[in-house]
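Consider the single chain below, provided in structure tokens and representing the form predicted on its own.
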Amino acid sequence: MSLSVVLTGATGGIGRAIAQALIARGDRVVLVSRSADEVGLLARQLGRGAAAGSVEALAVDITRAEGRAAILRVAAERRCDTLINNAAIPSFGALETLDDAHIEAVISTDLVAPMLLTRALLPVLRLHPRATVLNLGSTLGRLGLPGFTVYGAAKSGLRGFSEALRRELSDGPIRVCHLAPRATRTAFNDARVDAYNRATGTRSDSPERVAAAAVAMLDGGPAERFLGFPEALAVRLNGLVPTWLDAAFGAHRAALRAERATPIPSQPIPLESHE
């Protein structure tokens, strides 16, 4: 049975890959992004050869109440049974180099907006015998790294939200899942993050691999998954003894000190989940 999906952050690398995978198998998708031009173009590209009505573009800001209200209206009209919270903005740099507006924007987009949008759509999702909320987190939400204090905090909060909501709704039709990719090869990373990843030997995945994992979760896969080795193992060890790995991040601290902080826009545009 095909799904009817709301996908935020649809125009980023991971978002595009997820949208392509869903449309290719016959699901219906509402593509949500701030950029009307980008989301409109993506909808036209994905709509070629797809069934009529399979793809709809919605240009809204999920951090604003009117944007979430617009998503709710479309989700109700299309009887959506799946919400994928994928929209996020990046954050990298020593904490002391990040300004107030940037920190607030990251927490608002990466954590608060998904929580508020999920709450708004719960009545629509409950109309179905089976529905899913899939939150795209990050390994950095469970394994804190130097340079990712703000992004890691937001994604840690998203994981906690996912876990608590999963247990809160476990006796009903709505399944809550959390997928945490490691570094992903998309434009979400700027040159500074790419240099940091090279210096620290950080491994990365393609957005298509992340999309395949997301689709598998929607089809009844595990409720939580951390992608990649050794990251998934490190997450487990970090959960058992949180301070045990502290000494293992010397290279990360050195890479963070080596890079020169550059100005960060106070109102960055949401792209996708994970760096």
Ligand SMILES: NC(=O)c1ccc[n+]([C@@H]2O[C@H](COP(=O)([O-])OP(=O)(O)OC[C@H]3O[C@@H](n4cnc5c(N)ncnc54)[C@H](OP(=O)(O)O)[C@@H]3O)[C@@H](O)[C@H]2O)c1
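Bear in mind the structure is a predicted one, so any value in this text is a computation, not a measurement. Numbers follow the displayed sequence, beginning with 1.
Here the subject shifts to the form predicted in complex with this ligand, a form of this protein not shown in this document.
J.: With this ligand left out of view, which of Leu134, Leu143, Ile89, Ala131 would have a heavy atom within 4.5 Å of it in the predicted complex?
T.: For this set of options, the contacting one is Ile89.
J.: Closest heavy atom of Arg68 to this ligand in the predicted complex, within 4.5 Å or not?
T.: It does not: once this ligand is placed as it appears in the predicted complex, Arg68 has no heavy atom within 4.5 Å of it.
J.: Within a 4.5 Å heavy atom cut-off, is Gln45 in contact with this ligand in the predicted complex?
T.: No, Gln45 sits far enough from this ligand in the predicted complex that none of its heavy atoms falls within 4.5 Å.
J.: Is it the case that His178, even though its partner is missing from this view, gets within 4.5 Å of this ligand in the predicted complex, heavy atoms only?
T.: His178 lies outside the contact set for this ligand.
J.: Please tell me whether any heavy atom belonging to Ile62 falls inside 4.5 Å of a heavy atom of this ligand, as the geometry stands in the predicted complex.
T.: Judged by the heavy-atom cut-off of 4.5 Å, Ile62 is in contact with this ligand in the predicted complex.
J.: Heavy atoms within 4.5 Å of this ligand in the predicted complex: which of the stretches 242 to 250, 48 to 56, 212 to 220, 27 to 35 has them?
T.: After filtering at 4.5 Å, what remains is 27 to 35.
J.: What residues of 10 to 25, in sequence order, lie within 4.5 Å of this ligand in the predicted complex by heavy atom?
T.: Sequence-ordered list: Ala10, Thr11, Gly12, Gly13, Ile14, Gly15.
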